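Only one chain is shown below, in C-alpha cells, and it's the form predicted alone.
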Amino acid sequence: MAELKLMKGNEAIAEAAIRAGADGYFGYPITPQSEILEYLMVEDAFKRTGMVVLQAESEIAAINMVFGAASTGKKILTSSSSPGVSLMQEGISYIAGAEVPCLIVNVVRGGPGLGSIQPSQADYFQSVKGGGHGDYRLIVLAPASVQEMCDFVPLGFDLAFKYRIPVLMLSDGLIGQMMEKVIMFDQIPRATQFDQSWSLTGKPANRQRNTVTSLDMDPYGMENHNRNLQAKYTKIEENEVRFEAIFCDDAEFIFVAYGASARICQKSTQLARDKGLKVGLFRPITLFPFPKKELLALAGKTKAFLSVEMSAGQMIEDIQIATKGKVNVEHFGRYGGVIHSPTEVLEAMENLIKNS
C-alpha cells in the first residue's frame, strides 16, 4: 500500500527505484548523492525484489554496466554527481546512440572541476545539450521536491521505454539532502510490461538476431540512423512537455526557474504579490523537451522574464531562443554552491521592474 514517509530526496529515489520494479542499479559513491547507493544496500533491495545493486570500481565502469544490463530490456538505473556524470558522458552517448532505455540521476554539486559538495545547477548545458559526442538528446526531468524525486523514477522508466531513450533526472544537492514528507506508491512487480522485442534476450528460432549498437561503418546508414533519432526527438518535443505556471495569467513580470531555484522563486513570487507586484513563476519540469511554445505565448503579454539559476546563466539561453526576442530576458544567479534567498531574488526582480 501507499505509505507516508519522511525521507531525504536521495533516499526517496532509492526507495522509488525498488518500488518501481527496477532490475538493477550500478553506481559509484560521490557526494552529495551517495545515499542512493547506501540506501539500496542497507534496505537490501535484492532480498526485497531481486534487484541487483552493485558498487562499480568507477563511474566509467558503472555506466558501461548500465549499457550492458539495459541492453537486455531490463529496468536499469545509475546515479552520480557532477564530476562523476562527466566521466559517464562517453557511455551515455553510446547508450543514446544504441537507443537503450535507462534512468540516470545527477544530484548536481558546485563546479567547475572538483568544485564543492554544495548544491548547484551548473550542469544544465551538459544535461540538455548532450554532454557527450554526437547529435543526441536525453529526456531531462527536473524535480523540485522530494515527492517529485520519488514520482519521477517510475515516470522516467515509462518515458525511457516508450521512446527507447536514456532519461536523466537533474536534481541538486539541496533537494537530494533535504527531508520532506513523501507519499510512496505501491510496489510494482519487476516483470515489465514494456516491449522488449528489440533487446538481447537470446535468439529464439522464430526471429532474426537482435543487435544493439551505436556503430555503423556506412556513413549513409549512420546518417539515416541520425535522421530517425532526430525524428524521435521531435516527437518527444510534441508530446512530452511538462511545466508548472503559478500566477502567470495576469503577470507582468515572470520568474523562470527549475528545481530548487523554482522552490525559492515560489516564495519570492508570494512576497512580490504581497507587495502588489504582478509577478508570476514559470517552472519547466522537462528541460528537454523545453516548454518553448508555452514561454513564447507568455512573452506576448509579459514585460520581462527573470531567469533564476544556481549558475552563471545557462537556461537563460533556451528562454531567449524560445521567446524569439519578443520580451526582455534577464538573469539572476548564485554559483559555486551558494544558494540564493527568496529576498535577494525578489530584490533582483524589483530592480528589473524598476529599470523596465
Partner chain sequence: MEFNEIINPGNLVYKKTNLLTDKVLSYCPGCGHGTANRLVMEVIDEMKIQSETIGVASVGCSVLAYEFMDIDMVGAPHGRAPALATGIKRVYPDKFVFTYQGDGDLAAIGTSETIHACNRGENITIIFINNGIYGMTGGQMAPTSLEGMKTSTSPYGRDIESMGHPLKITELVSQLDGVYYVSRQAVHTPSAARKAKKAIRIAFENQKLKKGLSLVEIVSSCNSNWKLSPVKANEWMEENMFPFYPLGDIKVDGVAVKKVL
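Residue numbers count along the first chain shown, from 1. None of the values given here were measured: they were computed from a predicted structure.
Although it is not shown, the form predicted in complex with the partner chain is what the next lines describe.
- The contact with the partner chain in the predicted bound form, taken as any heavy atom within 4.5 Å, belongs to N64 out of N64, T323, T49, T302.
- Note on the partner interface in the predicted bound form: the residue among P189, P219, G202, G113 having a heavy atom within 4.5 angstroms of the partner chain is G202.
- In short, of 166-174, 245-253, 206-214, 227-235 it is 206-214 that has heavy atoms within 4.5 Å of the partner chain in the predicted bound form.
- Using a 4.5 angstroms heavy atom cutoff to the partner chain in the predicted bound form, none of I104, R137 and F152 count as contacting.
- In the predicted bound form, the partner chain sits beyond 4.5 Å of every heavy atom of V327.
- Of the heavy atoms in T72, some are within 4.5 Å of the partner chain in the predicted bound form.
- In the predicted bound form, the partner chain sits beyond 4.5 Å of every heavy atom of F288.
- Residue contact check for E223: none of its heavy atoms lie within 4.5 Å of the partner chain in the predicted bound form.
- Taking a 4.5 Å heavy atom cutoff to the partner chain in the predicted bound form, the contacting residues in 42-57 are V52, L54, E57.
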